[in-house]
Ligand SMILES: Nc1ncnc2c1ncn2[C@@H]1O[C@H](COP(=O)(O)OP(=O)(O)OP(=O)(O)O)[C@@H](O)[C@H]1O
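So this first bit is one chain, no partners, the form predicted on its own, shown in structure tokens.
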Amino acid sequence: MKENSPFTPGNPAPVELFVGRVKQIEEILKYVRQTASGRQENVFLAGERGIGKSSLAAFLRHLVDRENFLAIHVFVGGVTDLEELVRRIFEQILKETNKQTWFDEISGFFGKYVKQVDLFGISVSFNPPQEDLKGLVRNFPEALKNIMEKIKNEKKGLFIVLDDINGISETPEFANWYKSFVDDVATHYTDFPAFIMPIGIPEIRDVLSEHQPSLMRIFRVVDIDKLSDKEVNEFFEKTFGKVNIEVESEAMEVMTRFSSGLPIFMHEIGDAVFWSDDDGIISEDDASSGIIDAAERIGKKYLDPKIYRAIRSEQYRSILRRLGERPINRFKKGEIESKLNEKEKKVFNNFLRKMRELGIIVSDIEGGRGSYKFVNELYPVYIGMESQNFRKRTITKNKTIEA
């Protein structure tokens, strides 16, 4: 009986299952190695949601550990002020050094506000008063330099990932503070081996530029996009192979096609297919069954909040159900419009605009004028499922009323 799936939906991929991104990894490691010579580097890792930014950062951290850097991965989602950002950075540094022989030297720098917490294993917390945190914000370069001085006999430098800066980037203070930090380092330090990599969606670059027009000039921007079919195949082979499950070629083709090169969907599909299988061999039927389960999961996680909760208009929802009558990945505006009633036709252009704004569909250049396609093939599958469920609920309701 199966107990554990090797897939990790919603979480970064384990290092041993990471695939692809060779070009980006080589580029980033080049800058990390430059940092070892005392040159402060800043890389902005950009990519859409679900594209695998956190998994890439986790894999890089693993590689940088082997380069003898003190590597920390700080999750800052939901952080909106500089004091909390800086507190998390230094707390993570303390956690990473907690089991080292030189931890006392590091923790001594932070004084009495460092506490070792014996809860599910020894951990560390760092909670200084607000006034002290404000001081660390103002003197961030000096504080980092002090840390690097204390570890220079053990490590080549610092590697800091600031994951999910989307929230704090909305505040002008962050952009101005980061630019001041880089300027301060450039003018006052000849040796500052710290590599810092903020991670965010591409639009954040525009937000940061609006707040501080000079900021983006300091970053080396590294973009990541969808994985190739070959890389998706490699991921499924490696992950199913980890638990000694064979994948037939037809099943691999189905899983690869519906994954659309998106790691977030690869894990959802792989996990659903894993639980659909009962004989250790993934057949096309297993894959198809898993795809249906994955479509429902993905729809509820990612489409419901975007569409069904965002779109209140009954006409819009009615158009969605029309699209779901025969789930297709591509459609022409004219073909769908011919099936609509007069009320639906009046709002159809606005509906298409809203769907583009929500990132559900894009113009299909290959299909010609008036053609659109869903950004992922699982979207129309889920919309079709919702359309069928709506019809079933309507039939049941009508029968109840007649009875």
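Since the structure is predicted, the reported quantities are computational estimates derived from the model, not experimental observations. Quick note: we count residues from 1 along the sequence shown, nothing fancier.
The next section is about a form of this same protein that is not shown, the form predicted in complex with the ligand.
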property	result
Option from 355 to 363, 26 to 34, 332 to 340, 45 to 53 whose residues, in the model of the complex, bring a heavy atom within 4.5 Å of the ligand	45 to 53
The ligand contact in the model of the complex: S5, any heavy atom under 4.5 Å	no
Residue contact check: V381 to the ligand in the model of the complex, 4.5 Å heavy atom	no
M197, heavy atom within 4.5 angstroms of the ligand in the model of the complex	no
Touches the ligand in the model of the complex: P263 (any heavy atom, 4.5 Å)	yes
Listed residue (F110, F192, F235, F174) with a non-hydrogen atom within 4.5 angstroms of the ligand in the model of the complex	F235
